[in-house]
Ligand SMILES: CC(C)(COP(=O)(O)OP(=O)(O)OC[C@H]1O[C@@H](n2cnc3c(N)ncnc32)[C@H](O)[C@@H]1OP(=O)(O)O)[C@@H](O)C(=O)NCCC(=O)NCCS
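Read the single chain below, which is given as structure tokens and is the form predicted on its own.
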């Protein structure tokens, strides 16, 4: 039986398993899934990312969680929280992010899982605020940020894509712990 750390009506979020490697490699090599990233991920890149996310979980108690559709048990991507230290006026901070395989798009999974992760961020992990970043071209992710109640703060040039002319600006959104909102 799988130990889900977060469950919603349709989704289970958990730490990463060896069985996630193959479907995550496939996602990382899908040009439509990766269109807002500088390049596709190699198998080695994907394995390194999974290992990094596992270590992040061990250190902080949260990560970009692997995500399954509960009805089928199928791995559909990730949603979760990650401490970010890249250089910007908004970091260091905890970021909420998601990436789903194409067949899971348009079902509301990212929004559903992100809402659950924000709830955990504030009520279980004791965070006061959570940020989200995406290239300004990624309107689908920006819509999710708005749907989960995040507030637009501005733009930044993300250092990981600074030399890629496609991603000149990234939008920045923030959500604050409910009693901290003013």
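Just so we're clear, the structure is a prediction, and the values are computed from it rather than from any experiment. Positions refer to the first chain, counted from 1.
Here the subject shifts to the form predicted together with this ligand, a form of this protein not shown in this document.
Enquirer: Wondering, does residue 46 line up within 4.5 Å of this ligand in the model of the complex on heavy atoms?
Expert: No, residue 46 stays farther than 4.5 Å from this ligand in the model of the complex.
Enquirer: Is residue 54 a contact residue for this ligand in the model of the complex, using a 4.5 Å heavy atom cut-off?
Expert: Contact check for residue 54: no, nothing within 4.5 Å of this ligand in the model of the complex.
Enquirer: Wondering, does residue 94 line up within 4.5 Å of this ligand in the model of the complex on heavy atoms?
Expert: Although this ligand is absent here, residue 94 would stay clear of it in the model of the complex, with no heavy atoms inside 4.5 Å.
Enquirer: Would you please decide whether residue 84 lies within 4.5 angstroms of this ligand in the model of the complex, comparing each non-hydrogen atom pair?
Expert: Residue 84 lies outside the contact set for this ligand.
Enquirer: Is it true that 122, 130 and 176, all three, sit within 4.5 Å of this ligand in the model of the complex, judged by heavy atoms?
Expert: Not a single residue of the candidate spot has a heavy atom within 4.5 Å of this ligand in the model of the complex.
Enquirer: Just to confirm, with a 4.5 Å cut-off on non-hydrogen atoms, which of 50, 144, 41, 118 contacts this ligand in the model of the complex?
Expert: None of the others qualify; the residue that does is 144.
Enquirer: Among 31-39, 122-130, 54-62, 149-157, which stretch has residues whose heavy atoms lie within 4.5 Å of this ligand in the model of the complex?
Expert: Partner-contacting stretch among the options: 31-39.
Enquirer: Output the sequence-ordered list of residues from 109-140 with at least one heavy atom within 4.5 Å of this ligand in the model of the complex.
Expert: The stretch 109-140, when checked against this ligand in the model of the complex, contributes 109, 110, 111, 133, 134, 135, 138, 139, 140 at the 4.5 Å heavy-atom cut-off.
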